[in-house]
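Okay, here we've got a single chain as structure tokens, the form predicted alone, with questions on binding and movement later.
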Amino acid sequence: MAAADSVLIPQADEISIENARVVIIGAGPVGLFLALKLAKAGVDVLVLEAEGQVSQSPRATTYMPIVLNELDKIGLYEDVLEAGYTNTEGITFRKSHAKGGDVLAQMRMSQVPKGVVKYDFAGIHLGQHILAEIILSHCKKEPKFRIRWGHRYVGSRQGLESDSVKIICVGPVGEKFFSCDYLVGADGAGSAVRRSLCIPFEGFTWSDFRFVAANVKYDFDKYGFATANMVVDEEDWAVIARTGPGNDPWRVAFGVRTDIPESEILKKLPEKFESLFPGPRPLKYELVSANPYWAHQRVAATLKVGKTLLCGDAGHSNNPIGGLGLTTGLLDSAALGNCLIRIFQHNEPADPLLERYAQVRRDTWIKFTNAQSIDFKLRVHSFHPDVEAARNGLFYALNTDPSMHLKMATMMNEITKDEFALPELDGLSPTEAQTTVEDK
């Protein structure tokens, strides 16, 4: 019987631990961008992703010049430029179709003199999932990069500062174990990493509207819509923008009142589109996808606990109007990547540098991203006297003062000095800087 048992009963699994210098939870653009930056600098990095592939759900679509500058530094810019749709027009503010569809104001890139700003366009429009796939394709070329799909983070344990971080995930066939010098949570607003560390997510969730992000194939440009459009209305407000070139769908993002049951939200789409879409009736469009979600203005109480760091939406989340969420997340990745490169390649003291990363990036979100994204949201739907006065002042300036267009373009192109960048790379071009890092 013993011999039969040895044949019929499998042997116990051998518990193994996979090691990396840095483990990143989450294979969205923020996590993959950080992974690419580290791998290019020779840092062994492992990405763990719960899903089986890059998420295809409708999310961010626009990348402003400040982010393009960071993409350029690690060789992504040309691929993103080729894959996306370059917004050379600007931004149009208009009434809803139900209210006549009149143009209220336009920020025109054509009013900006050539050569005054580095990127003479308002941004590149490209689905977030395509950006992630482009970054992933670059990651796969790097020998220091690894990724494990279908591995859902469960928890981690940290000991002394000199100890490695131990991680447990649920993989396709059971529990898997990993260890690293540093763990990074880049796993979105519902971050399992943040929650496992009991870090409060401070702030609030918007209770006036629930957001819906829909991808729709419709000929908006035939009816005079620009690449990016802000529809101003108390109820039928929206952002309508391209998600890419050619026949790629348009993003129609809008709000529905929170008293509408979740099961009824998607049934409201035809009614909402009737209020928003130009053109003859009956409307003929193709709904590619739609995703309702709650929007937040929240920030983690800290972005660092021991040797675990938070990055992107795992550390802060804001409403999507204005495109500041992923923008801030990618800048987090750039800053954290520089910190870790300085630690691994230049032997700089780790804790003070990472504490400063956590404080600076948290403060940046609070002082800039949070405040600006709230302003952008209120601008499209609030008719409070103070908001209306500010909106009317902006529209008047855009319609009467040509210098306002240059001012806005300059703000979008403003490249703030990254205090975490490697000191010896200051003043070098992106190509020269990358060559220097790779030679280390």
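One-based numbering along the sequence shown. Keep in mind that what you see is a predicted model, and the values were worked out from it rather than measured.
Here the subject shifts to the form predicted in complex with a small molecule, a form of this protein not shown in this document.
- Note on the interface: of 359 to 367, 101 to 109, 326 to 334, 171 to 179, the segment with non-hydrogen atoms within 4.5 angstroms of the small molecule in the predicted complex is 326 to 334.
- A heavy atom within 4.5 Å of the small molecule in the predicted complex is found for exactly one of L378, A50, A397, A390: A50.
- Contact annotation: of the candidates N338, Q128, N87, Q297, the single residue with a non-hydrogen atom within 4.5 angstroms of the small molecule in the predicted complex is Q128.
- For the three residues T62, H151 and G188, a heavy atom within 4.5 Å of the small molecule turns up in the predicted complex in every case.
- Interface membership of G312, defined by any non-hydrogen atom within 4.5 Å of the small molecule in the predicted complex, is confirmed.
- Using a 4.5 angstroms limit between non-hydrogen atoms, Y77 is distant from the small molecule in the predicted complex.
- Using a 4.5 Å cutoff between non-hydrogen atoms, I25 counts as a contact of the small molecule in the predicted complex.
- Using a 4.5 Å cutoff between non-hydrogen atoms, G255 does not count as a contact of the small molecule in the predicted complex.
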